[in-house]
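Two versions of one and the same chain are coming, encoded as structure tokens; call them structure 1 and structure 2.
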Structure 1
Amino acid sequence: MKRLFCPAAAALLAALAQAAAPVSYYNEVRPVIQRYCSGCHQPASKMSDLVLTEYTGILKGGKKHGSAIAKGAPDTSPLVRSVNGALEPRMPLGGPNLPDEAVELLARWVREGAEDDTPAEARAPQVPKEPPSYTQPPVITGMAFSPDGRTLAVGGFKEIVLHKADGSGIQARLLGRSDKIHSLSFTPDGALLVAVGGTPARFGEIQVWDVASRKQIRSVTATADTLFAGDVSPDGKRVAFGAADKTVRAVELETGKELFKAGHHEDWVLQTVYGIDGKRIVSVGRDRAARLADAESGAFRENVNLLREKLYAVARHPRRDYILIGGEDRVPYLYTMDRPRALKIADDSTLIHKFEEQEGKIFALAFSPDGARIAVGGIASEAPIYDTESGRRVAACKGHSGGIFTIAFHPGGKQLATAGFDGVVRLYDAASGKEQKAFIPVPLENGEREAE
């Protein structure tokens, strides 16, 4: 038998070829840092002032040893010395040593000049010139009715699609940089539309749109990952939102200025709402807490809830400081926002009401405009509506073939809109739960628009 191929030689050749190619910061170094270092060396971390999640942070370095890299000289670079045992304390702090290949990768990158090869597209993703074309409906994670009740804004892929509120047609397509929109909110006067989203593992973005002219008047980039659902303040001047870097932040709409960045969560912050007076915010996330904070400074005040399971959604009663939360454990909980007295361990005295357990995790919650009803969306493909006060189920909105990620009551209170995984927007009569209209909110390449 003739041997065409020697595996050992092939492996050696592959290793040589790999060794010959310069180390890429973007494709090789960044993932190592993300995996082993970013937990403690990111902007929101209180462990160290050294930020390793951005190239500029690596260059700038830490208080003790200065720049983490000396280009061309791994032996004097703290980035390398901290992981190969030359510097105390050895990094990752308290964890197992870095695998030899990872240490060698960092050293080679520094030896080769420690260049930043982040592609231009990843640095500053562009607004598409043409509306995106779709072969299948996009997963929908953000949706909102305008205060005048005429428009339903729906988040698509790199765009927001404005629909007539009855689903009878598209008013406009607003193209933006973010792949995904996690929340849409109109200012109370209806003049501005604020989108919170981003492109996973790349950047987070706040988009501010002038509704009348359909022009984007601001794009604010924050963090190196997508941002999660936000809320516009009752005075229409600010937006608060959560991020995958565990922070809650707020941005001023007029200037784009970041007002604060608060690090009181221990995991991703998935949704944020303002209190009625705009002076407080409540944020929820994977750390299971609904955290009440000062809306001016972001300073943490107290936990609203007794910690149970991961939380994915929060909504505020339109007329009172009541907070509805839900997530992993499938139960919607209604709490008062403030505690009349100091928190005791395992105190759950501010719980007003526990609603019926859902068939799946909860991803979206909404109050009707008068606060009399709540609607629940999640993995279960129906969205039940409950009487807020009695907790009685009054309707169930059926039809989706997949999770519901966003729900909104029409400002008139008579309709509920739902959307999610299947890419279909459904409009229901809020009293009976009867479906009135179902439509795919983007033009599909094959021209389909009506959903069955």
Structure 2
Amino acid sequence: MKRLFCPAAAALLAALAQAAAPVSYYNEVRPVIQRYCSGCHQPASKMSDLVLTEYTGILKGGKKHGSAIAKGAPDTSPLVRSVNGALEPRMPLGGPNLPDEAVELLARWVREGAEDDTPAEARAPQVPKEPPSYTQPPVITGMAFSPDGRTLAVGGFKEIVLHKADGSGIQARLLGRSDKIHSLSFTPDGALLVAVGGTPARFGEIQVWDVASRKQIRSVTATADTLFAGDVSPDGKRVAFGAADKTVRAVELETGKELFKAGHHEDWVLQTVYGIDGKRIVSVGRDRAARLADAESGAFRENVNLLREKLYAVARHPRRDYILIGGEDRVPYLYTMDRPRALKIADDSTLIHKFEEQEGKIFALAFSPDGARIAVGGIASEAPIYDTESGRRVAACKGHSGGIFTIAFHPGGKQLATAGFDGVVRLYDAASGKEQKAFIPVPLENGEREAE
């Protein structure tokens, strides 16, 4: 007898099978918690001493209610009761209620036993025991010269590679948890190296390294996504950085304590810089604003700039409270952090100079150590160098392909380092723009180090 296919019956059977399948913590519950809960309940903030970024934190719970789940009993589980209105205040605090289907998903997961099905390969990553192997150069988004000019630190995959500043050889390979390093900064005395990065959609991390011993002395995790470019305070005691959760944060390097979490941006915060005296911070991001804030509390003061397009980079003049910003509209703008008159709507009175339009979006900016020149990197085939005062182009550093994501002047001021999509570090004469050396900063399996 021939069987007839019924689409409606097949769909019903599929729906019943899906409903019968146990709720997955890793694939279903975890994304809900990341979206609605992890912004407040994470290692860096620990509201109510509750961390929800990992399953172990859910089991441990907070200081007020204890464990967030009572396995098999959603009606007595604080995680469920706090989002369905049974506990006050209802969560998320200050935000819209969870959709009904999300609340039911959490309740069903608890009712079924609240098991952790996180795959072994996706559990909290550990520091690798051996340096990674590379078949091709990694994209480079973080790079910095040491204050004494002897070392060039370059971000790789789960590591920071310390090079001799002239590119002639590797000094050390510092292995860490983060897949990606978005910025590197030395403290002014050169004693510490601070890395800002993380693993996308997993965690953000601040790494603090003792330069002399090559040992990591602190790892601070924050948010459920990678962190973006940070800046070490002039006194070398703090680091401020941006995050995908629209916050600007600051951490004390000695203790790892979060000093503040400021939410005055409306989109991802991609870079921050301290003012000269360390009392103010300017942060930029996808909401188009260069926002000035108090460095102690994170309290918002005002926008420095007239809003135009998304901003991806900011740099501060080494001797004055001037900032250079750039982004999607391809134009570098030089602003003062001190407004000459009262703020007005559509006010651009802080603008000092507008430089020429670039070939593509701007992702990296840098001042020379004396502040006399600036360098610009982005989606372009060259990194131009300009006279800060006049805006005149004085050199162009060529050779990259695919985009330049990080640039740094040598402390002596005579050399510029650039790196980006092609995974090559290039060293240029800062006066002429002539390339002096190009090298791949990580060992490749085929032994290649010199770049074409």
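Residues are numbered by position in structure 1's sequence, first residue being 1. In this text, all values refer to a predicted model and were calculated from it rather than measured experimentally. Basically, rigid core = biggest C-alpha set you can superpose within 1.5 Å across the two forms.
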Which of the two shown corresponds to the form predicted together with heme C?
1
Following rigid core alignment, is the displacement of the residue 30 C-alpha between structures 1 and 2 equal to or greater than 2 angstroms?
yes
After core superposition, I'd like to know whether residue 70 moves between structures 1 and 2 (criterion: C-alpha shift of 2 angstroms or more).
yes
Would residue 392 count as moving between structures 1 and 2, using a Cα shift of 2 angstroms or more after superposing the core as the test?
no
Taking the rigid core as the frame, how far in Å does the Cα of residue 111 move between structures 1 and 2?
4.6
